[in-house]
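The chain below stands alone and is given as structure tokens, in the form predicted alone.
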Amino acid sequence: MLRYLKIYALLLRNSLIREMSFKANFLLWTVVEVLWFLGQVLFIDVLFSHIETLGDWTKWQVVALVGTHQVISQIFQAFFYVNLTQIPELVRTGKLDVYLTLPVDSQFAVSSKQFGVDNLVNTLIGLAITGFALSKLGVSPSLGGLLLYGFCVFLGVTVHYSVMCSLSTLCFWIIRAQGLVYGYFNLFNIGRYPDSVFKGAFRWVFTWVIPVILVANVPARVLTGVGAHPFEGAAQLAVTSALMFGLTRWFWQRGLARYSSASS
């Protein structure tokens, strides 16, 4: 494990050097993300000027949910998104051979080769908005509550990684899987809406099959106290993320067994 941490530290350092070579691009993307995020908060403000609650969510609880979704999605994008979207192209061109010859696990190698510094800046913005929402709610989470929130955020990132890695791994069978990968990237924005608005089969599918609803709703409920049993949601998210990560690992190994390298 220590060896992998040292390798990952070097990868992060190289990514930071690369990002700082294009400072204007870094600043531009940061500004765009901030404006997009502020637009979401403005939408919430307009929505709650007409209603008092949305299910069992109040205005500032929804703001905390949007902030939490921002934190999880930006951490996922910072560490994994670009890497996972490139897997189908690596398989199609045979460039995956390079990663298979490295003295590290192949799934680790393809999942961690790039890192987005600008996304971490946007993560801090999400944390700031979440903290502001808590101040409006008059909520002061305990240390245990903050630790549980952080753990749930980690689990949410794990779910996103597992689903998108599995979709990318389909390229071992269908060659081009970019449509599925980018489709999921749009799909996980569902998670920024309160779970109370979803009903029927839609809610069941995106809670149990592709659990994007759980990803941000569970940590937001834990942090803000929405609902009577937030720990049950945390337990459900923990079990779901563990199962999905295990399935992703198994699926990756099955995909590698079908892979024909560039040199066959």
Partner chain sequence: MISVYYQVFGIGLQDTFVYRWNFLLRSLFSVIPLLGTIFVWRAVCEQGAGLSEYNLSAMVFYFVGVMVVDNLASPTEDEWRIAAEIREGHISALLIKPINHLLYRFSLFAAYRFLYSLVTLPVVAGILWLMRGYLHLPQHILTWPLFALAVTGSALIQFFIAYALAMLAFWILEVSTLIFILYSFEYFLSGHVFPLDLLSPALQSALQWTPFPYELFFPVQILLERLDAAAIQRGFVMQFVWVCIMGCTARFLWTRGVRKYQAVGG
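Residue numbers count along the first chain shown, from 1. Note that the structure is a prediction, hence the values are computed from the model and not measured.
Missing here is the form predicted in complex with its partner chain; even so, the following discussion is about that form.
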Checklist entry - Does the 4.5 Å heavy atom contact test between Ile125 and its partner chain in the model of the complex come out positive? => result no
Next on the checklist: Against its partner chain in the model of the complex, would Leu54 count as a contact residue? Criterion: heavy atoms within 4.5 Å.
Outcome noted: yes
Checklist entry - Hey, in the model of the complex, does Phe43 get a heavy atom within 4.5 angstroms of its partner chain? => result yes
Next on the checklist: Ala235 versus its partner chain, in the model of the complex: is there a non-hydrogen atom within 4.5 Å?
Outcome noted: no
Next on the checklist: Each of Gly179, Ile190 and Val197 within 4.5 Å of its partner chain in the model of the complex, by any heavy atom, yes or no?
Outcome noted: yes
Checklist entry - In terms of non-hydrogen atoms within 4.5 angstroms, which of the given stretches 218 to 226, 64 to 72, 199 to 207, 235 to 243 touches its partner chain in the model of the complex? => result 199 to 207
Item to check | Within 4.5 Å of its partner chain in the model of the complex: residues from 27 to 43 (heavy atom criterion) | outcome: Leu28, Trp29, Val31, Val32, Leu35, Trp36, Gly39, Gln40, Leu42, Phe43
